[in-house]
Structure formats: C-alpha cells, structure tokens
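A single chain, nothing else alongside it, follows as structure tokens in the form predicted on its own.
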Amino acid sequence: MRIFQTVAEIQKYLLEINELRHTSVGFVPTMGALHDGHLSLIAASKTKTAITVCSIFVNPTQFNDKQDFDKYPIQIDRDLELLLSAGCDVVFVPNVEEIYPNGTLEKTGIDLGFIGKTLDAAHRPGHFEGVLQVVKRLLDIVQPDILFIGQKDYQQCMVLTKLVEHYQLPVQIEICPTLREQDGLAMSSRNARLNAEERIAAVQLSKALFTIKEHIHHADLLALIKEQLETLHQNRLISVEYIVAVNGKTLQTIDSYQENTPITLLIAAKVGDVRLIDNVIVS
C-alpha cells in the first residue's frame, strides 16, 4: 500500500501506473474514522477496478458547525492499518493547503435545484456546497474510473450525481448498500462519539424507519410517521430534525404509499449532541 500526502506525488504515481498497465482506478473518498461500511466500499472497488485509491481528509468546508468539525474523530494510524488489511492500493492523506491551495472560498456554483434546498441542505446550510467543493477537487486529482459511495448518505449521493453530470466527468458512480451493526444502527464514524446510553438510544432511529417500511403497504403513511415521531420524542436523548417519506428520485415529500413511486424513508436526529442520519429504501 502506497501513502501520499501531496497532489504532485499521487498524480505522478497514478500516471506512471496508468502508462504501464492502462489500468482502471476506483476511488473511495472518506473523512477517516473508518469502519466496516468504508471497508465495504474498498472491497467493492477491488472487485471492479485494478487500483483502489482511498482519501482521508476531514473537509472543513462541509461543516456548518465548527464544534462538529472540532469533535470529528481522528484516528489516522488505525485507519491506515484497516486499509492495509483491506488491500487498499493507494491512500491519499492531504492537508488543507494541498486540497485548497487558493483558499477555501472558491465554490463550484452548481445549481442543485430542490435537492439543494430540502432536508439536510435546509438543516445544514452550506454543507453540500462544501461536499461539492472537496469531491470535485479530489476527482480532479485522482481522476478515477469509478467513484464508490455509500447509500447511507442518500441525499449526498444525489448531490454527487449532479456534480458528475454538471461537469460531464468521465467517472461512473457506484452506490453501495448501507452497512449496519447487529442491532440495526447504520454504521457511521460519528457513532464513536456516542456514550453507552446514547448508543442504546441511537438504535431507535433505524427501528423507526424499518417499522414504517413494514407497515407502509397497509397503513396510513402520515399516521405511521407521526406515531414513530412521538415514540422518538419520548426519549430525552433524541432530538429529531426530520423523519419523512420521499420520492426516491426527486426527494419530494409524499404522504401516501403509491405502488409505482420509488419511496425512500429518511431520518436525521441528534442523539445527545451527535447528529446521525439514516435511510431505508422502500421501493
């Protein structure tokens, strides 16, 4: 496994590899604090591409809350050990100056339309602009054939699809299923910040989504959501930002089950002071 910290070094290496082997490159961008969900993306890349590149960079421009940025878990040595065990070929660990040599103010200017105004975009102003900014830069650096991302960040997957379409980038997006703990909690780097009591409470988020999914075909959808919202509100550790059913292609809210409509259930909530998101695809 090769580790690079500068743009010049990683680009030189990837160019040399491509000239020698004319090989395909898979890319997994991360902010570190890796877990099995990230490693499943590495595994997916290894099955579909010859070279797998993973980046570890905690991007300051996608945090609308500085305290959230300051508290983001950093465990670089452990991350590198996990990537080595997973068979990752190249790891890119840049600093802020390497990613943003001209400063962080320059944005992509992509019009995301409705998906840039709803749900996480409304609750985290500037978040997706920061995501677009850093992923565009990373894609320019790595120039992969396939970008591997996780379904857990459902809205972000749609945002990155817009990025690729806007710039007509020659990269395929591969969205991989959400990995869960045995009790159903979606794997997330933020889970490491939960204390024991909060960790138990956090399971209620996925339970709410799966309960709605289980009954959505034969019960009133809005009543189901209201019932789960009331259940979550009973837990003093949980503060729900939203729990909604949306058209899975547009993120427009829906209020009743429709057989031919793609439906995704999404939730965002703070458990203690840790913000978690999750989603479940119904159809």
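So that there is no doubt, residue numbering starts at 1 and follows the sequence shown. This structure is a prediction, so every number in the text was calculated from the model and none was measured.
The same protein also exists as the form predicted in complex with adenosine monophosphate; that form is not shown, yet it is the one meant from here on.
Asks: Given that adenosine monophosphate is left out here, which of F210, Y167, Y100, Y72 has a heavy atom within 4.5 Å of it in the predicted complex?
Replies: Spelling it out, the residue with a heavy atom inside the cut-off is Y72.
Asks: Which pick from R193, K152, K136, K162 sits with a heavy atom within 4.5 Å of adenosine monophosphate in the predicted complex?
Replies: Of the listed residues, the single hit is K152.
Asks: At 4.5 Å between heavy atoms, only one of the stretches 174-182, 198-206, 108-116, 90-98 reaches adenosine monophosphate in the predicted complex; which one is it?
Replies: Partner-contacting stretch among the options: 174-182.
Asks: Indicate whether adenosine monophosphate has at least one heavy atom within 4.5 Å of a heavy atom of I225 in the predicted complex.
Replies: I225: no, not in contact with adenosine monophosphate in the predicted complex.
Asks: Quick check on M31: any heavy atom within 4.5 Å of adenosine monophosphate in the predicted complex?
Replies: Yes, M31 lies within 4.5 Å of adenosine monophosphate in the predicted complex.
Asks: Just to confirm, G248 within 4.5 Å of adenosine monophosphate in the predicted complex by heavy atoms?
Replies: Close contact is absent here: in the predicted complex, G248 is far from adenosine monophosphate, nothing within 4.5 Å, heavy atoms only.
Asks: Mark I141 yes when one of its heavy atoms lies within 4.5 Å of a heavy atom of adenosine monophosphate in the predicted complex, and no otherwise.
Replies: The answer is no: I141 has no heavy atom within 4.5 Å of adenosine monophosphate.
Asks: Can you tell me which residues in 5-41 come within 4.5 angstroms of adenosine monophosphate in the predicted complex, by heavy atoms?
Replies: Residues within 4.5 Å: P29, T30, M31, G32, H35, G37, H38, S40, L41.
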